[in-house]
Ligand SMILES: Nc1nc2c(c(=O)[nH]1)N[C@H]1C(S)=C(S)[C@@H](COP(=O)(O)O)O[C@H]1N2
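Read the single chain below, which is given as structure tokens and is the form predicted on its own.
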């Protein structure tokens, strides 16, 4: 029997939230820090952190996941973000008619891009707080992008410049062969029980999470017989349209011995979780999470 991981909580603490970047926080943060919005716009903007904090803000719960997260992996986190809707600043900047892309630059030298229309996503947020506290340096202080529906490679930390342009642009990871689209694939995992765990011969409750970016979860299916059959799991209400969903399934083993368990999910648009693509490169994994347990 292996030791159990910590229970997955609806909101991930700052200390438990996964961290990915190219080189860590900037060694010498720009002081004073400013966010510049320029390019093909009618009005260029240059805003201090105090000016951004003074703007009307919103709070939203959103899950982030790393594009390199393996099947059943833990490089995911769900947090409460506070900041300024990106669309409000884009409206102030007033992009030119033919502009179609946002180029994002960060204090650590990282650079990315997204279609301009993604900047008007209702959940696109320039966040300066995480779980009601100022962002830590590891998580992007003083400002980071939160963009539901996309993998972490698009969630730029230490953001200090947004250029509005026309045409294509390859970001840091696109230059290295990774996807430009970076849309989160449907994923689900079993958190309880753990792989190789020994369980008593009685009714068990299988639990886990499912996630599909900003497309929600319609249903989750669980198999306890090596995928010969599937049954619907019970879903809890998500904390927001952009958060992971908790699911549970009551299972009464009919014998002692090994059992192969699996889970898969379907989003609100009837997109089904795929199987077979286990390599994260170039656009994220698409495999079904499977574990084996032993009933004693």
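Everything numeric here is computed off the predicted structure, so don't read it as measured data. Residue numbers count along the first chain shown, from 1.
Keep in mind the form predicted together with the ligand is missing from the figure; the text below concerns it.
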(message) For the interface check, one of 183-191, 161-169, 134-142, 217-225 should have non-hydrogen atoms within 4.5 Å of the ligand in the model of the complex; which one?
(response) 134-142
(request) Answer for residue 108 alone: is it within 4.5 Å of the ligand in the model of the complex, judged on heavy atom distances? (result) yes
(message) Contact with the ligand in the model of the complex for residue 78, defined as at least one heavy atom pair within 4.5 Å: yes or no?
(response) no
(message) Can you tell me if residue 155 lies within 4.5 angstroms of the ligand in the model of the complex, counting non-hydrogen atoms only?
(response) yes
(message) Against the ligand in the model of the complex, would residue 245 count as a contact residue? Criterion: heavy atoms within 4.5 Å.
(response) no
(request) Could you check which residue among 62, 35, 261, 66 gets a heavy atom within 4.5 Å of the ligand in the model of the complex? (result) 66
